[in-house]
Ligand code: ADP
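Only one chain is included here, represented as structure tokens and corresponding to the form predicted alone.
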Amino acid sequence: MNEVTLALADEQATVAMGKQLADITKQLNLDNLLVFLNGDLGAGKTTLTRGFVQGMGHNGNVKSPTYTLVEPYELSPWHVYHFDLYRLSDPEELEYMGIRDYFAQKSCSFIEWPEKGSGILPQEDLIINLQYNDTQRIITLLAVTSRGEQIINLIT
């Protein structure tokens, strides 16, 4: 499994990393992308996703889907979905909301607390771990699929 670890100095660096991931996704013209996000509360998962969503062309606010489970962004030709499964009590709830429909062609999904959807979620392409290091964040990107490998190979 290919991986890369970087230090992110501040919130702006975290947003910039999200934008870089968006640029790489567009450059590779990937059919779809599934990213699992891990980290404590406040570690930067939503901030990273905000950078990605903005990098894909969204100009408005990007909020955490803590209470809605998913925030969709229609950014033609892409469909970007930001999931927060923190409040999910049973993975079967994902089936009731039609989770499989979100992983169609030209979709990019970022899932916070993916362990809450264990057994239901498809194979992720990337695992991104965010952790505190004083005032910085440490980000580790782990490739799980060939799509993930392609992305990691272009991270600078």
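What you see is a predicted model, and the numbers here were worked out from it, not measured in a lab. Throughout, we count residues from 1 along the sequence that is shown.
There is another form of this protein, the form predicted together with the ligand, and it is not shown here; the text below is about that form.
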Between the options P122, G57, G42, G98, which residue brings a heavy atom to within 4.5 Å of the ligand in the predicted bound form? G42
According to a 4.5 angstroms non-hydrogen atom cut-off, is I151 in contact with the ligand in the predicted bound form? no
Would Q136 count as touching the ligand in the predicted bound form under a 4.5 Å heavy atom rule? yes
At the 4.5 Å heavy atom threshold, is E11 in contact with the ligand in the predicted bound form? yes
Although the partner isn't part of this model, could you tell me whether S109 comes within 4.5 Å of the ligand in the predicted bound form, counting any heavy atom of the residue? no
Which of these stretches, 28-36, 114-122, 45-53, 90-98, has heavy atoms within 4.5 Å of the ligand in the predicted bound form? 45-53
Would you give me the residues of 22-39 that have any heavy atom within 4.5 Å of the ligand in the predicted bound form, in order from first to last? none
